[in-house]
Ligand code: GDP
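Read the single chain below, which is given as structure tokens and is the form predicted alone.
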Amino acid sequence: MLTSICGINWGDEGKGRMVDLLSSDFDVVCRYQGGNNAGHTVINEKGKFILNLLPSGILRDDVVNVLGCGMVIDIKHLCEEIARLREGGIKITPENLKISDKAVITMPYNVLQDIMEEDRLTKATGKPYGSTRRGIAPVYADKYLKKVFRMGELLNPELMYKRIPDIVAWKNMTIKAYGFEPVKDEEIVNYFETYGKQLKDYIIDTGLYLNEANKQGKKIMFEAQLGALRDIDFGIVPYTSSSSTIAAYAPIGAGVPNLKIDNSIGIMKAYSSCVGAGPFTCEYFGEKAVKLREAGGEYGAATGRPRRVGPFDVVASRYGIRCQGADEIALTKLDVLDIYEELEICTAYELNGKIIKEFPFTDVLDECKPVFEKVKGWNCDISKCRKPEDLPKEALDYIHLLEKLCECKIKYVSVGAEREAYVVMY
């Protein structure tokens, strides 16, 4: 059984919380794309954990966790994340964490490149891409230029170190063009020596491992980072990530392109949120934004940046559901809306005087205006609800309306941050 957990919108939909919940039914959880440029916040009986690189299944002792070949891994950040989780009582060993030998290493100069370009764009245009400044776009660019180091090379460092001078000389042409001091070969060697050696015991051919697990009938969950609207092909380019966040890519990014997904679970919030730059048609401003942001604790797990917020966006969500091929939906943070007597839903966009209900090409999104419809809120605490019949009528009506408008069944509804705070609708 192969299941994908994927974001429907702009990311930050609460995937980590749902993976943590659902992983009790799975043997393996695999991240298949991205790096440490986004975070999953999970709260359980052991505490509150922020995960950037590790799959959310790492919080369960009996789940094997895989970092797939489609990922880009900042080995310094990974070592620090492992150490932080161990301090919180989380067990991490080569038995429950396996890293693909084909995954690409994010280098310190990739992070520098990211910072330099965001600063240049800010000064030149006032319109940076909204990058997390963690080197993700530069390292994916290097991957397709075939000028990267991969995790498997850490197992044979002598050959790896021979490649450093040529790659550093090439990279320094870019760094010096920005007016920065060039990188030294010994700095890169020290990076590998300091952090790479700590990870050697975790590196394997994860494709072989996952294929064997599948043959044995084990249940495998693929965990995505970000959402459909941040996908490099289908998202709001250029305000996207640099990898494929789409569920169909999961077997490829995991290292098992021969396997097929059996079930795609899409995650979306009961309202909208967005970190970073780019078009966000349904955005709230002023007091309306502050009220919703504070109620939802909408600050980036990776960066701490305040998220942009707005009401539920049907146009964007229906598009995201189609991109992800979602079979069912997990709706998160419904309890955040407890404070409202009346709710707004963005049911369409207005573009040049015309009403549109299909998500348009990125270039015209800035010209779109939201069309809001109002529905009755429930204005009471739903955090203790555990069955559909426990929910107030207005909350049930809201869930069923989203199902109808988005054309996809909602199976799970989270009503609080704690692991047990959820309702199974059917």
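Sequential numbering from 1, following the sequence displayed. Note that this is a predicted model, so its numbers are computed, not measured.
The discussion below concerns the form predicted together with the named molecule, not included here.
Peer 1: Which pick from 98, 171, 307, 134 sits with a heavy atom within 4.5 Å of the named molecule in the model of the complex?
Peer 2: Answer to the contact question: 307.
Peer 1: Identify, from the list 385, 368, 43, 396, the residue with a heavy atom within 4.5 Å of the named molecule in the model of the complex.
Peer 2: None of the other options qualify; the answer is 43.
Peer 1: Given that the named molecule is not shown alongside this chain, does residue 415 nevertheless sit within 4.5 Å of it in the model of the complex, heavy atom to heavy atom?
Peer 2: Result yes; residue 415 sits at the interface with the named molecule in the model of the complex.
Peer 1: How about residue 281 - does it come within 4.5 Å of the named molecule in the model of the complex, if we only consider non-hydrogen atoms?
Peer 2: No.
Peer 1: Looking in the model of the complex, any heavy atom of residue 336 within 4.5 Å of the named molecule?
Peer 2: Yes, residue 336 is a contact residue.
Peer 1: Residue 332 near the named molecule in the model of the complex, any heavy atom under 4.5 Å?
Peer 2: Yes, residue 332 lies within 4.5 Å of the named molecule in the model of the complex.
Peer 1: Using a 4.5 Å heavy atom cut-off, which stretch among 357-365, 66-74, 32-40, 371-379 contacts the named molecule in the model of the complex?
Peer 2: Careful reading of the contacts points to 32-40.
Peer 1: Across 74-99, which residues bring a heavy atom to within 4.5 Å of the named molecule in the model of the complex?
Peer 2: None of them.
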